[in-house]
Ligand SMILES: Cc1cc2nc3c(=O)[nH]c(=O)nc-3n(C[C@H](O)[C@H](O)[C@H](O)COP(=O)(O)OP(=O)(O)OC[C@H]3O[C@@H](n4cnc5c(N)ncnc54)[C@H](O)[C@@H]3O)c2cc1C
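There is one chain below, alone, in structure tokens, taken in the form predicted on its own.
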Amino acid sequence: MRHVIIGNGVASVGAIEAIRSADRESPVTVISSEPHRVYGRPLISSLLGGRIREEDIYYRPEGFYAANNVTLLTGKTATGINTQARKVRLESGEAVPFDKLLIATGGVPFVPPVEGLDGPDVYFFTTLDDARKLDILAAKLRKIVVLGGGLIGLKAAESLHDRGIHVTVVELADRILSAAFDAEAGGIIARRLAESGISLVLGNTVTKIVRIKKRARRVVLSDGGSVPCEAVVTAIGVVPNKALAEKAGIGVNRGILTDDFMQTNVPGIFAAGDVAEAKDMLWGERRVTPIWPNAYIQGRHAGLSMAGAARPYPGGIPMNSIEFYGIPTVSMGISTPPAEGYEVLARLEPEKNCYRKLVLRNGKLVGAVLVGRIDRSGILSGLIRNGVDVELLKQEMLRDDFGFSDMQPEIRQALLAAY
């Protein structure tokens, strides 16, 4: 049985480790367009900000592939999948045969329709090589505009600001972190970023990059204003890198469609990670959930299926945990619910940069937002994953020190068994 994996991220690692837990002998080949072994993409902002060394970014040791009898093809780009002949075509003209295939191609940066974006002095922020480029740039420039006030954009802005650059973040929404957090949480972080010296331009967007002798000198905003700069970082977000699957006739929607075993509509071909549209535990439908832990778990379930030890994927839960200038934050599950059918409990202490929000549906916790004090967020995550009825606990859960001792014995036992 020949296992081939396109992509070398965390989903690939999950698949490799799952395959090897059930099958030690069959050959595994990983095709990676990047020249590196697997690394933690969420850590590139810490690398750019000088908070970690490059050797700290790698997700598995250098001997990981040899120890798991994996052939790693780095710097090789897959350009086609022949689902009938069971071969992956590479840009070099080579063909890699497979019996079972995992597509774990992740996401690609969203490119906004901005005039002049395709010229020099424009950078993305999703890969290790992107961080390396910006690291060199940071020593030369003093004014940068970041497009996007989401998680990627703000971590890029924070890291560049820490390198002594004046950063202006331009965000189309009327608040930052609009996808992962609510207005109250975003407001706390916005104040901290502004206090730290990062400029925020909200409810606006960049329409044009103005150049002098080809070099970026300012951006023009949709309201007619402008911001001076020497470079632009596009960090609006990523979209599933599904083109390879779509061209091969594999079923796609927003991402590559998968069943409960991470298999696509083509038998023997699977998808996992940021490219996959898989079961969401809370919404009860297929969704793209580009979250690091979900990618590993999806990869693991895909690998088990590939190795003949299939177990159904239970579904993902959106979760983000990130810190901005000393303020830790966590969002999980349905953090901004629809108006009807949900109960929202919240406690806001802006003077302490603290916020706690709980979202309930039919007496069960389905979402939470924590800012400032997040120590016991794992307990809330366990309650969500296990579908525990918390009707009698909901007021207690608003306390920062809420823990196992506040729960009924049967709930404690269920959570401990799950861990």
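Just count from 1 along the sequence shown to find any residue number. Since we're looking at a predicted model, the values are computed, not measured.
What comes next is about the form predicted together with the ligand, which does not appear here.
241 is the sole member of 263, 205, 241, 335 with a non-hydrogen atom lying within 4.5 angstroms of the ligand in the model of the complex. For the options 31, 371, 368, 48, the residue carrying a heavy atom within 4.5 angstroms of the ligand in the model of the complex is 31. Contact annotation: the ligand lies within 4.5 Å of heavy atoms from the stretch 287-295 in the model of the complex, the single such stretch among 218-226, 112-120, 287-295, 182-190. Not displayed here, the ligand is approached by residue 44 to within 4.5 Å at the level of heavy atoms in the model of the complex. Remark: residue 125 counts among the residues lining the ligand in the model of the complex, judged by a heavy atom distance of 4.5 Å or less. Contact annotation: residue 10 falls within 4.5 Å of the ligand in the model of the complex, judged by heavy atom distances.
Although the partner is absent here, residue 303 is not a contact residue: none of its heavy atoms lies within 4.5 angstroms of the ligand in the model of the complex. In the model of the complex, not one residue of 364-380 has a heavy atom within 4.5 Å of the ligand.
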